[in-house]
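Next up: a single chain in structure tokens, the form predicted on its own.
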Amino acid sequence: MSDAEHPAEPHEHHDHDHDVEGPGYATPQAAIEQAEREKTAYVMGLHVGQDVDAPDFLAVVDVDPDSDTYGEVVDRVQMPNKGDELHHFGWNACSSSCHIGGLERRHLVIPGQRSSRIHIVDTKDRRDPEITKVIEPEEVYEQDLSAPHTVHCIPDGEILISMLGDADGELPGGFLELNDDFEIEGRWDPPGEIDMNYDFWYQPRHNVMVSTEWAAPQTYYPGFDLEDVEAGKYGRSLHFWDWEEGTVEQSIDLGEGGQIPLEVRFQHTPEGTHGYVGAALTSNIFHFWEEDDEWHAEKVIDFEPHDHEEWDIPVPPLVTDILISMDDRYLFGSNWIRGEVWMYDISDPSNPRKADTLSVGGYFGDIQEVQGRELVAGPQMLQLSLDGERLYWTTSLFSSWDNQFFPEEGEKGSVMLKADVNPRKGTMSLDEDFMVDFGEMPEGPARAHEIRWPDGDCTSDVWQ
């Protein structure tokens, strides 16, 4: 029987006895068992693409139900410049560095997608973080790179950032490496190794990294145009890298049925070689795995389009984010346009089984308001508690795409919502007592995007 046919056995590791001298946890199971409930969330807040004359900011959100300020933005760190389009961000260190004594998960690395500016924020005081360094775009352009996206800490204390364009915002993209002093170390990959870039995840025990594709920044910055897809300007491939050498060993074209593969996730267990990627435009999920030293990918979940009176074509659900629970049992995802959060049991990685869905926001969601607040866009960026019992999400995708598909998102601002999850039963229920309204910021309504926890999370922590 091939590896692909075996149900995964989450966390049957041989490294439970490893000492934790640095940040994070020795194993994913240790993260589940030892982590305290999240009390603070860091959330990207944006004013790009709005009639608001203010810079983007890092929001500090109170998610402690015993607090008097539960569900409120209790602090904000405004960026020094306008127009950054803060998007995805990450930590200077995670559980892959748990063996490095003296290293702390303390600094957030916050890139500007449009500006190519990289901000370093110190969270020593979790409720009162501060900017300590800014890497200006000119330093990034010297590497012939631009448009930073995914930030991952890597095991030696350094930081890797996927870059989606060259210095002019065209192709090819690549990867930028920062050292532990937050200085540009250089380009991680040989120029031209890939054309398009987007998200990535690595499994150091298997010496592999996987990356996905969006498009050239100059293609997606203005908004979405179906003609660009037809012209081949959007990606549809997965790239599997030799992690130590920084070179692509194999690429898989997902075909017409795998258009615009965005968020990609490996299992959390460092022994796993199974993972998933969400193809946004074709609204499906591909499972990938290694067998006989070769990588394979197969479509395992399809979401059907729906007719809508305002659209000339059936409306795609648009899968925009996915994550895997820390125990590798559940795959969660969001269908942004449809207005849906979903949950699949992936105990058998090659045969996901639908567990539950929530229909909220978007074009077709059953729930269109919470606490009297109208929901405009559907669920977008997700974050799960380490124990797998609380799922949070925000509703902004990208400023120009928001303005195209949900123009009121820019006018009214985003919300941050939460569902209570029962992992034993495989169910979700919307918590209508929790809502963070980013429409009520001092300078005007703001868009909310990615979410991070101070003690690590399901979309950034890696183990080796």
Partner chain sequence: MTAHEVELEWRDSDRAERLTVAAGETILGASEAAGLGLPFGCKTGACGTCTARLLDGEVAHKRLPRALKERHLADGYVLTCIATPTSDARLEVGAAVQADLVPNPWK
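Positions refer to the first chain, counted from 1. Source: prediction; values computed, not measured.
What follows is about the form predicted in complex with its partner chain, which we do not show.
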| item | value |
| --- | --- |
| Contact check for E227, L281 and W311 against its partner chain in the predicted complex, heavy atom at 4.5 Å | yes |
| Candidate stretches 71 to 79, 377 to 385, 218 to 226, 292 to 300 - the one whose heavy atoms come within 4.5 Å of its partner chain in the predicted complex | 218 to 226 |
| Partner proximity in the predicted complex: G83 to its partner chain, non-hydrogen atom cutoff 4.5 Å | yes |
| Contact label in the predicted complex: P316 to its partner chain, heavy atom within 4.5 Å | yes |
| Any non-hydrogen atom of A30 within 4.5 angstroms of its partner chain in the predicted complex | no |
| 4.5 Å heavy atom contact, G439 to its partner chain in the predicted complex | no |
| Contacting member of R390, H107, R114, R265, with respect to its partner chain in the predicted complex [4.5 Å, heavy atom] | R114 |
| Contacting member of D366, E256, D168, E304, with respect to its partner chain in the predicted complex [4.5 Å, heavy atom] | D168 |
| Partner contacts in the predicted complex for 48 to 85 (non-hydrogen atom within 4.5 angstroms of its partner chain) | V48, G49, Q50, D51, D53, K82, G83 |
